[in-house]
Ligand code: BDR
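Let's start with one chain on its own, the form predicted on its own, as structure tokens.
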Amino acid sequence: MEPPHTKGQPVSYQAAVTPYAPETPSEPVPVILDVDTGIDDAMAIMFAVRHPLVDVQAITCVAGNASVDQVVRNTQQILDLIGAPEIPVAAGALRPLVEVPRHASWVHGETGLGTVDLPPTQRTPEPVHAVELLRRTLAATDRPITLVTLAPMTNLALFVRTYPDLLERIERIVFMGGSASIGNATAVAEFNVWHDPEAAHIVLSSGVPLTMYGLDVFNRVVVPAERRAALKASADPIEHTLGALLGHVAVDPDSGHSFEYQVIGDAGAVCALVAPDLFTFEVWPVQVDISQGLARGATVVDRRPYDGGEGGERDSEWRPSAIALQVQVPAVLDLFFDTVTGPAANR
């Protein structure tokens, strides 16, 4: 069942929650990845390229976890690591639309890949901006493409504003971002949306069908310590790299607080694309707070029962999104590791 969506029209919602049960794809899904390749973007790229139901047609890069030039290098080095075919990769926005440039090096390390040191790449990025690669790829397709964005949505917002006539060629936008509960960049805002709230607002208001993979599930897909240790001790380059990424210890320079990276993070959003039966989705209206206040960058998910009563109908700023709220953790971890290091990786 498709979540309800209209373009530029008021949206009415029923009093009860709208369930969303997408079917598992039966053939490869054409995908464009939009990344700011840090630790978990790297794992997502590994999974997406290696899974038989994902056809990665292009990768666009944006500043976020690291500078955009570093993101391009990281992306190409990960593609080298897994022996990926030639996939077009392009650099995009250097900074958010309005906010000052920010990064998450204290979480992902100076290079964005923790302590992982991969050989220099011989791949050459596309000599065009990421927005042009998006345009070119969508204009050439004979089948709608799913955009999977695992980063601040600056590239996508620029695309939406520049080429609105091509939005109909987007099947769906699956975004790792937001939260229906707590934040991580602030008390209520998740990093990717907080990093460029105006961009997220533009994308979530675009009228393209949305799937939100937010912190509600992101924080739950934790890799057990013994599995992380076994990966890091492995002589296999891919397994060892996964272990090093998952074992990276981040230290907050302000508070001194440290934590070990333990989740597959962004990779879970791609898992949700190919195995939606492992997740529980609900459709709720979402809006991004772009005000200059404590809630800036929050995804405001209106989970009230609603029947058009006291508040009147919500306007088109409130876009319905299929939101992942529950996850079968052991099954998702098996799917991820079987794909990246196990039988599916050897197809």
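All residue numbers are counted from 1 along the displayed sequence. From a predicted model like this one, the values you see are computed outputs, not experimental measurements.
The following text describes the form predicted together with the ligand, which does not appear among the structures shown.
**Student:** Any idea which of 83 to 91, 122 to 130, 261 to 269, 248 to 256 reaches within 4.5 Å of the ligand in the predicted complex, heavy atoms considered?
**Tutor:** Stretch with heavy atoms near the partner: 261 to 269.
**Student:** Does at least one non-hydrogen atom of residue 211 fall within 4.5 angstroms of the ligand in the predicted complex?
**Tutor:** Contact check for residue 211: no, nothing within 4.5 Å of the ligand in the predicted complex.
**Student:** Using 4.5 Å between non-hydrogen atoms, is residue 108 touching the ligand in the predicted complex?
**Tutor:** Looking in the predicted complex, residue contacts with the ligand include residue 108, since a heavy atom lies within 4.5 Å.
**Student:** Is residue 60 close enough to touch the ligand in the predicted complex, meaning at least one heavy atom pair within 4.5 Å?
**Tutor:** Although the ligand is absent here, residue 60 would stay clear of it in the predicted complex, with no heavy atoms inside 4.5 Å.
**Student:** Please check if residue 160 has a heavy atom lying within 4.5 Å of any heavy atom of the ligand in the predicted complex.
**Tutor:** Although the ligand is absent here, residue 160 would stay clear of it in the predicted complex, with no heavy atoms inside 4.5 Å.
**Student:** Of 97, 244, 215, 173, which residue is found within 4.5 angstroms of the ligand in the predicted complex when only non-hydrogen atoms are counted?
**Tutor:** After the contact test, the surviving option is 215.
**Student:** Only counting heavy atoms and a 4.5 Å limit, does any residue of 172 to 207 reach the ligand in the predicted complex, and if so which ones?
**Tutor:** Going through 172 to 207 in order - heavy atoms within 4.5 Å of the ligand in the predicted complex - the hits are 176, 184, 190, 191, 192.
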